[in-house]
Structures are given as structure tokens and as C-alpha cells.
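Have a look below at one chain only, the form predicted alone, in C-alpha cells format.
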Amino acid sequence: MSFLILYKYYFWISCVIILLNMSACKNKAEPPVHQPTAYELTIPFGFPTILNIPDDNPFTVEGIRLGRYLFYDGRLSGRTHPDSLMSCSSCHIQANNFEAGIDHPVFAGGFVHGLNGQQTHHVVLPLVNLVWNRSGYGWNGFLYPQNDKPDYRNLEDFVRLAVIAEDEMAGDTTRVKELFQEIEGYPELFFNAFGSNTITFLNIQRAIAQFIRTFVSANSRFDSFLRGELQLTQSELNGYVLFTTEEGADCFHCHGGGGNPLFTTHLFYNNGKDTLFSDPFDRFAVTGDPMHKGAYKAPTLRNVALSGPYMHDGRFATLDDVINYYSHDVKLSPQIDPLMHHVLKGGVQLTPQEKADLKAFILSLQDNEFLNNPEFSHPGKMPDE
């Protein structure tokens, strides 16, 4: 009888030990799944509620943090030599509305060139409020969802193209991901953001795109005016009326205003700069529609005073040059956009006082908080420092 009791005792002890071992093996084989912290973008007063955030790349606190490091890391070119460092921030400077700017210490006149010296086709566009852009990227909108071109879809793909383009970083995606895999601190950042220590270029572009989508500018003097926090000057108010009326400066059709706080439609227009068109990178190059020759994206006017030089080819150095052009030098061609209502008289023919008022209003769109926001600036110490 005692033998049977002893046998049962050892039998149950053995079962418990086996179960404990099985549980330990299971825990060892299946490490805990990391869940990144969801980030909710605050939509400013009066702004659209529909955002362009791909389903496969939602906002996370960890993804944005990683993207900030990568945006400012010169090794994104896949190189480590001091003469071969180039990052997104090399051309997109926060103080210049995330453009190169006309006073760039390296790139003269707003045009940038890649590590091999090749110049970009057009001047840099600002990285501002792109979370609301759904009509394509680049001056001609070449990058937008296309069924026959799955690699040209969204901001994530623009990051990849910036790395591999000959007139930008001229890098190699395999070399880039292998380099960052070896940099102390980055594998942990990638795990926190995407749940894997193995760095892929897909996750590199996802992280940078998340960071760029947080670049929201919505706190200019004009925004404060709309919120009832301050009164614009009489000159600014006069300029606003000019901006939003066809009888005035007639700016609002292409650049929004009033009910469009983005100050761009994100659409493409031939605005009468030329009569002959030979640029192989205009909107026509994307659509094949002959009426799109000489057409380019209307960029946002937020912080535009810091976005010179102006137009796709940087032909105008100052805002005064631009206002004078729209007032007196618009050129008629078969391709000119129908919204250029004053082309038959060469422009809107603003008086000197009207030009001053229009400029005053445009300057009221400058958002100093955005231009100095520490959340968008260089993170300081990089992961391996």
C-alpha cells in the first residue's frame, strides 16, 4: 500500500516538472511581442480631418523617434567618410521651411546636388503639412498611387528615391541597412518601433515618413486671427481680400485660403511663366496630356518668405519678384491654366500699395513656432554617441 502511494507521489511530481519545462521552452521560443505606442496627431483648428497615413505605417511614438534620428543622420547615404555624409536635413532645413533656402551654405540658389555633383532637376519643395497631401509628390506629382508602378506610391517611396537618386544621396539600400545594423543603438530603436532588431530599408523609409508627417504648421498670425486671438493689421486684411478675390490678386484658386488652411490645393497648374516648354520633368511627363506642358505643383504659401527661390526652376529670388510677375508678366500660351483669369492683360495689375498689402498678408502666414519647434530639430546626441 505504501509503495502505491509513493508511486503516485513521484508520478505527479514528474508531471509537474514536465509541464514546467514545457512552459519554459515555450516562453524561450516565443519572446514577448513588442507593442509600440500609438501616436495621435492633433488636427489644428479648421484643418481637414482626412489624413494620408498608409494602413501599413501608422503613427507610433517609437517610429517617429526613430525617424527623427534617421532624418538627421548623415550616414543615410550608406557612407561614413566625412566628405560623403548626406541626410534628409542636408537639403531640408527647418529654419528654411524644410527647404534648402536661397542662402544655403553649400547649395547655391536653392538647387541642390547629390554626392556625385549632379544637380537636381528642380529646386527643393518644403516638407510642410504633407500628412494632408493626397495628389502626389514632387513638382510634377510623379510619385502617387499607380497600379502599374507599385514602387511609386507615397512619402515612404519618396524617402527611398532620395537615397538612391543620382542627384541626391546616390546610395544603395542594401548598403544603408547593413550599415545601420552595425551602428550601436539602432537595432534597439528599430525593435521598439517595428518589433524586430533586424533592420530593413522598408522600415527605414517608414520611420522617416512618420517623422515628416508630424511637420504640421498651423500657428501663424493668420491662424491666431482665425481663432479670434488677435487682429490683423489693416494692410494684412487688405492683402487677405486681394488674395481671395478674382478682382484682386486672384491667388486663392491655386493656393487656397479662406476655407483651405493648407494654402495649396496640391494640384498642378501652368501659371504662364513661359510660352514654349522643353522641361522633361513637368506635369506632362507624368500624365501625357499635352495641356499639362509647363504645369507644376502649387506649393504651400505657409512660411513662404523662407522658401525662396521661387517657382520650379528658382527663377525668382524674392517674394517681390513673384508678386511683380503675377501683376505684370504672365504669358499667354495654349497650355495656360483657365484659372489664370488676367493673362490677356499680362497679370492682375496690382498697384504698389496693393502689392505691399498682399505681401503683408502672405508674411502673416509665417509660423515661427513651427520653424523653431524642438520636436522637429536635430535630436542632438545620435544613437552611437
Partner chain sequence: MIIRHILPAAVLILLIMGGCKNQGDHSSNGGHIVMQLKHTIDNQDIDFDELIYTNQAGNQYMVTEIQWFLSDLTLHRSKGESIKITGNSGCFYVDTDLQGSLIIAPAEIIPAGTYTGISFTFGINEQKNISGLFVNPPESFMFWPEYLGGGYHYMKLNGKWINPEGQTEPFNFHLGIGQEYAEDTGKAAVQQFGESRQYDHCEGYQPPQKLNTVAGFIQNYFSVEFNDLNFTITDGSTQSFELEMKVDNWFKSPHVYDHNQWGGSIMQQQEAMQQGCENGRNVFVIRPLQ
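Positions refer to the first chain, counted from 1. Since this is a predicted model, take the numbers as computed values, not measurements.
Another form, the form predicted in complex with its partner chain, is not on view; read the next lines as being about it.
Contact with its partner chain in the predicted complex, judged as any non-hydrogen atom within 4.5 angstroms, is confined among 136 to 144, 118 to 126, 278 to 286, 240 to 248 to 240 to 248. Its partner chain in the predicted complex is approached by Leu339, whose closest heavy atom lies within 4.5 angstroms of it.
Of the heavy atoms in Ile53, none are within 4.5 Å of its partner chain in the predicted complex. Its partner chain in the predicted complex comes within 4.5 Å of a heavy atom belonging to His253. For Thr198, no non-hydrogen atom is located within 4.5 Å of its partner chain in the predicted complex, even though that partner is not displayed. Contact here is defined as any heavy atom lying within 4.5 Å of its partner chain in the predicted complex, and by that definition each of Leu226, Thr264 and Val348 is a contact residue. The partner is absent here; in the predicted complex, the one residue of Ala317, Ala360, Val343, Val61 having a heavy atom within 4.5 Å of its partner chain is Val343. Contact annotation for 37 to 70: residues with any non-hydrogen atom within 4.5 angstroms of its partner chain in the predicted complex are Phe45, Gly46, Phe47, Pro48, Thr49, Ile50, listed in sequence order.
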